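This document opens with one chain alone, in structure tokens, the form predicted alone.
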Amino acid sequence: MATLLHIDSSVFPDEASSSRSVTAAFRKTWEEQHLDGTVIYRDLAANPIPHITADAWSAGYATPTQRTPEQSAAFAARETLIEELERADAVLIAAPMYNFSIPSTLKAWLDNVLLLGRTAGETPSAQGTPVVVVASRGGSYAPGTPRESYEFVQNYLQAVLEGTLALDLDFIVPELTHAPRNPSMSELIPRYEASRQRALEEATAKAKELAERVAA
């Protein structure tokens, strides 16, 4: 029975969010392929994870018998998140660009699940797990665009998810999502619509591909 870990982080709900629309398309297709599967869902905007504390961080490098009561309590919540990642056969993450980077709620999740000697290090515990990141953004930061150097979402997530957690990373990038709401970008609406349609198609295709890969 396949398990999908699905994480949304957009502050906007449902169809108002480009990233949520694409992750919803991926999840729908995934569930159609895995009728008896499990989805672990976390909406980091509706139910944010506390940012990592000194107790939560230091507990990760102490044995259970060495931990203070405060460390034990803090690490229990952190371990739940780590175990969800380790249980997953595939991971789906919505990572909209806010002020050139990822939402702080998603950063909090990453800080909690990244543990040297377990999920990171020589033998990362979730190594090889496929992860699809929907990296939506209001403008375009593609190579050759004026704001290419401001792209800190894909670069950062590649370093953490692929370089540190050793996950098998793939991106879907809906761009120009501000075009329908920003009059100064109205001429870019056709490009936005094409990008959105392409992202939805990629989500469906990748969901089918990973469903077959997990089932094999």
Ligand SMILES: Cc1cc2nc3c(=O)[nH]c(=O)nc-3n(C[C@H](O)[C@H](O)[C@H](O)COP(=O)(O)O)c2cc1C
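Bear in mind that the values here come from a model prediction, so they are computed numbers and not experimental data. Throughout, we count residues from 1 along the sequence that is shown.
Heads up, the form predicted in complex with the ligand isn't pictured, but that's what we're talking about next.
In summary, the region of this chain contacting the ligand in the predicted bound form, judged by heavy atoms within 4.5 Å and restricted to 96-104, 112-120, 67-75, 82-90, corresponds to 96-104. Contact check for residue 16: a non-hydrogen atom falls within 4.5 Å of the ligand in the predicted bound form. Using a 4.5 angstroms threshold between heavy atoms, residue 178 counts as touching the ligand in the predicted bound form. Heavy atoms of residue 10 reach within 4.5 Å of the ligand in the predicted bound form, making it an interface residue. By the criterion of a heavy atom within 4.5 Å, residue 124 is excluded from the residues contacting the ligand in the predicted bound form. In the predicted bound form, the ligand lies within 4.5 angstroms of at least one heavy atom of each of the following residues of 123-144: 136, 137, 138, 139, 141, in sequence order.
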